[in-house]
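Only one chain is shown below, in structure tokens, and it's the form predicted alone.
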Amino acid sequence: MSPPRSDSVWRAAWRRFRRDRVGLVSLGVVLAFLLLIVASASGLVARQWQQEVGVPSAPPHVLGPRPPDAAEGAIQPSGPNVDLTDIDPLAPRYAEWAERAKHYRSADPVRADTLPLGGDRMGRDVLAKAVKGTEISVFVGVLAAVLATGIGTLLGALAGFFGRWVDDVLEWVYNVFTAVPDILLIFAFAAVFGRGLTTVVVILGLVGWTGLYRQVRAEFMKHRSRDYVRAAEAIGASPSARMFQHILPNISHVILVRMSLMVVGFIKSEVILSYLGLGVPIDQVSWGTMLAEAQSELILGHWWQLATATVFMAVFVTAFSLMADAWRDALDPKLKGQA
């Protein structure tokens, strides 16, 4: 009779994760946001976020339409218009210009007095902007985390596996990047490369790989002398095969958890960059650009764009952080004996 087969790392982690109710609820919230992002990217929702569908700064439905301004109700002067034909040198051409203007006159679309979550100063739907902004912000955060994970994993694997002068050179590079505070390094790269989605992803990826590098380096230094790696070497496995076919799968859960934590940090960094005008271009929208626009609207008492962007960002970041914490607890090898 063969002995019972033990669970894999991921199967045991999923079993522990299902016991965490907070983690499960957070996972559901994150999945709901991901469905919303897919719908936005495919054009099913928020496709016309740039259209001016409401009156400027239209209030939310719950507040009702704004009362008419006092100027609109002002009494218009009565009586015949004053004839200035004798003293106005342009008067003979007024009729000609009016006839030409008819060819360029366009119909003014009907604008809504209120929108579900209000409108911005141009009359664009704040809800549609928040949905599209979620797509952009999460897209930037995930891609930057993938880039930083690739850089940190590759350099950490090389330093931890080969050691000696390779480790010394990469440690010198690491010390150079960590000698400057991250926020200053981000601003410096942003000033050099300019605005744009690709630029933001590259900047955050170049700045954020250092933490994962140290963790992967330590894991490779620990695993390179273990029996299963020496056995692979004895049967002729190349250094690259031992690194990426034998060691890397055994530390992949550590890398994935670290990457999920980086996503949260990079989303916050993108918001800061866009708020300061160094992030996404002006024809795109993100949570950061919405907060930047809301700054001037808040002075006029139009708070709904600020509230909507803040709620969207707070709910997603909180849910993603709680989900990442639950996965970290579930994948922690120290908890394996409690399964």
Partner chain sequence: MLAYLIRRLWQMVPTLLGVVLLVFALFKGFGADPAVLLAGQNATQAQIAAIRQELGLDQPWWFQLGIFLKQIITFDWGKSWATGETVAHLFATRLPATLTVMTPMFVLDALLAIPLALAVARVRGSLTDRVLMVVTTVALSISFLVYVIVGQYLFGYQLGWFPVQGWSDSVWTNLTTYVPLPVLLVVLVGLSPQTRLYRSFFLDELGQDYVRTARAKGLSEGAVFYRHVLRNAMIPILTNIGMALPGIFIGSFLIEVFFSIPGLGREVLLAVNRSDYPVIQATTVYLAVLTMLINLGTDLLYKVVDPRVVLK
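Positions refer to the first chain, counted from 1. Keep in mind the model is a prediction, meaning the values are calculated, not measured.
One more form of this protein should be noted, the form predicted together with the partner chain, which is absent from this view; the next part is about it.
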{"query": "Segment assignment from 217 to 225, 160 to 168, 244 to 252, 263 to 271: heavy atom within 4.5 Å of the partner chain in the predicted complex", "finding": "263 to 271"}
{"query": "Contact label in the predicted complex: residue 94 to the partner chain, heavy atom within 4.5 Å", "finding": "no"}
{"query": "Any non-hydrogen atom of residue 181 within 4.5 angstroms of the partner chain in the predicted complex", "finding": "yes"}
{"query": "Partner proximity in the predicted complex: residue 275 to the partner chain, non-hydrogen atom cutoff 4.5 Å", "finding": "yes"}
{"query": "Contact of residue 34 with the partner chain in the predicted complex (heavy atom, 4.5 Å)", "finding": "no"}
{"query": "Heavy atom within 4.5 Å of the partner chain in the predicted complex - the one residue of 53, 306, 39, 29 that qualifies", "finding": "306"}
{"query": "Partner contacts for 308 to 326, taking the partner chain in the predicted complex and a 4.5 Å heavy atom cut-off", "finding": "310, 313, 314, 317, 318, 322, 325"}
